[in-house]
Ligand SMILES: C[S@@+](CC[C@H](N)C(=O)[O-])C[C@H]1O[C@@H](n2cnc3c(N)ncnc32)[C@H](O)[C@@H]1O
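A single chain comes next, written as structure tokens; it is the form predicted on its own.
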């Protein structure tokens, strides 16, 4: 049977593309993250021409020159005269989206230790998340989800307080304080680094506003509720939860149901703003692998013990909690001929049903 040379060539190119894609992330992500954390991209995006000597904080100038050469080979930088560069149009687009690299790279310790983890029997040495990278990356990445929720809170709920469980670097609270001038805020996070960052960021930006933050496990409703009540007294509040539920679910929807039911018991008149990640089927993700990083997000959530739930499971949760859904916004819906579209993320506003 004769071989179709064009088809064979196309198949070979397709496989080569897959290999390059799979390998490149291993190198490009730490390179872009390291340079980005040092603030170099902020300078690069503003300056038409630059060289490694513009970054004296990089003590290893030889390594920085190697990195610039690598970024040139990826068409992110363009070499001019000896040692000088400018951003390419593609580079400008990529460097402006630094946060897309920070959050995945914050789980780098899990990736570095993957081989050891694989050959050792439990209990294992638990790798650590780089909290600062995670805070910086998550806060910026989540910004696109904020406006819809904040608009509804401002127009419909009109609370005197906003309480953000899992506040990270205080990014969401900052948007709320900016858009709702009279509102008071409380940030709660398991990470002491997050709490300190929230306090520092918000008090610098909003001097004179009422801003509290303290560290506590978001799943420990009985503990954080007491402290929240000591601040708010009888004033009205809204509680927000950005990507918190998957951290407490352990892949079990009933844990989320119990958690939200407990929040309702202790705050029976308080609305909730919830944003979450959704687990899509392996088949759906495989079909869309070239345009989505969800396979990677689900991997580092799984190996770090976080339980991302499916859209079907969230619909089940919605039916069994003492709240009514009054606003829903879905993002990055993925579908196929065999499966109906499902969101990669969603925002809900929930109002409590009367007890």
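Positions refer to the first chain, counted from 1. Please read all numbers here as calculations on a predicted model, not as lab measurements.
The next section is about a form of this same protein that is not shown, the form predicted together with the named molecule.
For the candidate set 218, 159, 253, 127, a heavy atom within 4.5 Å of the named molecule in the model of the complex is found for exactly one residue, namely 218. Though the named molecule is absent from this view, in the model of the complex it lies within 4.5 Å of a heavy atom of just one residue from 163, 149, 71, 135, which is 135. In plain terms, the part of the chain that comes close to the named molecule in the model of the complex, with a heavy atom within 4.5 Å, is 210 to 218 out of 260 to 268, 151 to 159, 210 to 218, 176 to 184. At the 4.5 Å threshold, heavy atoms of residue 101 stay clear of the named molecule in the model of the complex, well away from it. Heavy atoms of residue 199 never reach within 4.5 Å of the named molecule in the model of the complex, leaving it off the interface. None of the heavy atoms of residue 273 is located within 4.5 Å of the named molecule in the model of the complex. In the model of the complex, none of the heavy atoms of residue 113 sits within 4.5 Å of a heavy atom of the named molecule.
Contacts of stretch 241 to 263 with the named molecule in the model of the complex, defined by any heavy atom lying within 4.5 Å, are made by 242, 243, 244, 247, 248, listed in sequence order.
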